[in-house]
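The chain below stands alone and is given as structure tokens, in the form predicted alone.
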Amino acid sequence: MNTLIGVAAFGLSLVATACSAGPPTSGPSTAPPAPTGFDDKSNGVADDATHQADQAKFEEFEAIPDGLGPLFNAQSCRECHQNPVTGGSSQILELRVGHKGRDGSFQNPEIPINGGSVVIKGRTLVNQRAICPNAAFPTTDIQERVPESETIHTFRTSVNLLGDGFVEAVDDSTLIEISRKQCKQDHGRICGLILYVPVVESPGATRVGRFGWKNQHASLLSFSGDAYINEMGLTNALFPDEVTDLCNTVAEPNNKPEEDGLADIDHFARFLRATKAPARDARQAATAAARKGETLFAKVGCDICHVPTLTTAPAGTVVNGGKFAIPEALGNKAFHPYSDFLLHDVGTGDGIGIAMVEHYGKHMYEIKWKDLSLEAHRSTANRMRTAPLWGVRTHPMLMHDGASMTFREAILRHRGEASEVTERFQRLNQADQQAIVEFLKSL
């Protein structure tokens, strides 16, 4: 087995690593704007007919003969990503659990199924559905249930995926520079963590994470393969191993390339890369209250983490370990996610660390990953990705756990690194606080 690069010293020096030079990342941009809208049309990565065909794959209903399960949460990608259109967020919550070890660090759960004959390890996700007992396996009971030993639990909302092609096309140096500026400003009170994560389709390569609540992925293909196995139980080229072999009757990998040479996860990734960024509510944005709120949003410091504008790398830039070249439709585009895509401790962390095998495959420890730090991954337990605010007006449940129902409630939950920003918000008069809420209603 190759040695995994990930000594503690490297994890503790990530902030210093983030101090390398990089381009400007926020403020006015001269780059052309990224296309926006909720019209289900392509941003130009593919023609509309191809995009619609990819969307149909994303919406496709999976059944047991396709390889669904044995443990799963949904039967199509759209189940968890559909509001207001396919690829958006949803009210669907997934369950994650674990416990603290004797040293106080987070430990992955051990969940017995089928009367304890099998114990599920190496993942924090608890699937809420199972395909058996059924007619073929009448006495095999594999439904996962949380044992008393797992005292840490949380729900997480399904994230918006619209516009993520532009996020994937942001150069690592852009995110590193944001982190460097944050860590230098105000004596590092706010300091986003740069996390290098495996690019599963390019063994050995890593990139700055940006997808998922813990930034566990940097590649949309990796993200798609992860979701296919962990949310629907369908094995694929990147994740060929089932979570359990009980009740399994379909050969691995369940999904293989078709006549066009593409497997489902390839269609998923292309679909996401071709989605338009969430559009603002133009009428709401034009109101005096929203315009005032936008100014106050920056004045109190919300924009330190909720960065208004990012610019993608030039077209032709090769990323994801050499597996993806940024196309013209995504290259050198300014977009407005209102996020730095970094990990922060704002007092709402769920205590759940990144389960390496779950997100990178059962053989990830046999690979030597460049710049990968186990210590850094362990440090994510109480950190969450800055929630991108584009399209937030379409989210009925806010924050990672969906536990905040109003914008004001979500703002006031921010503590930790965001404590001073929250205090500045609280010192505003009621009209100014409401103006910030009106601004958020425009996003």
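This is a predicted model, so every value here is computed, not measured. In case it trips you up, residue 1 is the first one in the sequence shown, and so on.
In what follows, reference is made to the form predicted in complex with a small molecule, a form of this protein that is not presented.
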Legend entry - Heavy atom of S202 within 4.5 Å of the small molecule in the model of the complex: no
Inset, instruction - Although the small molecule is absent from this view, report whether E177 comes within 4.5 Å of it in the model of the complex, heavy atoms only. - result: no
Inset, instruction - Indicate whether A410 is a 4.5 Å heavy atom neighbour of the small molecule in the model of the complex. - result: yes
Inset, instruction - Decide whether R96 counts as a contact residue for the small molecule in the model of the complex under a heavy atom distance cut-off of 4.5 Å. - result: yes
Legend entry - Stretch from 316-324, 206-214, 281-289, 139-147 whose residues place a heavy atom within 4.5 Å of the small molecule in the model of the complex: 206-214
Inset, instruction - Could you tell me which one of V45, M384, L374, L68 places a heavy atom within 4.5 Å of the small molecule in the model of the complex? - result: M384
Inset, instruction - Could you tell me which one of L330, V170, I354, C305 places a heavy atom within 4.5 Å of the small molecule in the model of the complex? - result: C305
Legend entry - Candidate spot F297, V300 and L389, all three touching the small molecule in the model of the complex (heavy atom, 4.5 Å): yes
